[in-house]
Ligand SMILES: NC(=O)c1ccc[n+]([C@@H]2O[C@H](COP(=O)([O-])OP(=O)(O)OC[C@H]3O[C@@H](n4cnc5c(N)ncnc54)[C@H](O)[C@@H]3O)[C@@H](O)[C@H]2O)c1
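Only one chain is shown below, in structure tokens, and it's the form predicted on its own.
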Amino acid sequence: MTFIKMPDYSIYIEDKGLENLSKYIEEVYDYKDVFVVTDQTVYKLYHQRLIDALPDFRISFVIIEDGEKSKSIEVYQQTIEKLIEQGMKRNHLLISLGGGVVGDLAGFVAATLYRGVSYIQIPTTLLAQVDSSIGGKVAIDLKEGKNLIGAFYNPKFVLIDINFLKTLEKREYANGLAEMIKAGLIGDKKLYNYILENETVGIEEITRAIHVKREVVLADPFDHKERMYLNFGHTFGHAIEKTHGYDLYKHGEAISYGMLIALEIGVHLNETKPELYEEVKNLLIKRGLVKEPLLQLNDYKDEIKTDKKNLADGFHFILVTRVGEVKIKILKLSDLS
């Protein structure tokens, strides 16, 4: 078991970690009723395992549809209504069991229901384990863009059980690798070099990716400067997701195209070496995250206007100058060509 301490919560990374869930809950929670938000796929695969792991608890489930479209105001409201109907009170515990969509939605429910209830994150995808479950950002989407309504709200703990990864399809596994490639590019050359040579990851690599995020979150908890580094590739990645209705490309695929666009902008501005762009492009093609012909910047320029990094002084654009090193460049929309 690997243990990572955040200022307000703990992250447990282990194989078969679900077996220790009851113990971890009892350390932070005094009651026996727990309420679980999950999606249809995860419910089918793991609801009985969760029940078996919590024999002394009374468990109520709220099951949402799979996919990004469940991060909506409508599903948010429906989830809250179901939890209240099931008898959830302000001092009860909410459990998020699923990937990034479930974690973002359940976390925002926890942040706002009764002005805040305790919750824990149990991410079941590689993407959620290395990214969305860490750092306390929770959100839902609007038709104008992704994650535009949200909060900073930390869980009581995060339990990362790598055993969940055994049931991931190849495309979903690669989806998580995209965020790990990003983590390597912005802050861990050793991690990046490992993924250059290996298609699968273990506890050590997942831990390294989390440490990249941990360092920038601790340096900038509320996303004013350093934390923006984590959005490398996301400005155009989110625009790509939105343009295609959150259906055609998975998040990791969209940000992979977004990273290439960002690297291309860096090359144009003489901040990034062309060799790095080519290396990352070949890696992303090899891992099945992008394919040629690549998506083009100009097709998505109009969609980035609502991006959260479009501030009063311009776009705060994240550039990788070399592996493990990044900078923020303030650009106008006209500079992105």
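One-based numbering along the sequence shown. None of the values given here were measured: they were computed from a predicted structure.
The next section is about a form of this same protein that is not shown, the form predicted in complex with this ligand.
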- prompt: Should residue 231 be counted as a contact of this ligand in the predicted complex, where contact means heavy atoms within 4.5 Å?
  reply: no
- prompt: Can you check whether residue 235 is within 4.5 Å of this ligand in the predicted complex, heavy atom basis?
  reply: no
query: With the partner left out of view, is residue 67 within 4.5 angstroms of this ligand in the predicted complex by any non-hydrogen atom?
result: yes
field: Non-hydrogen atom contact residue 213 with this ligand in the predicted complex at 4.5 angstroms
entry: yes
Heavy atom contact within 4.5 Å of this ligand in the predicted complex, the stretch among 93 to 101, 110 to 118, 77 to 85, 259 to 267: 93 to 101
- prompt: Just one of 147, 243, 72, 207 has a heavy atom within 4.5 Å of this ligand in the predicted complex. Which one?
  reply: 147
statement: Of the residues spanning 251 to 270, the ones with some heavy atom within 4.5 Å of this ligand in the predicted complex are none
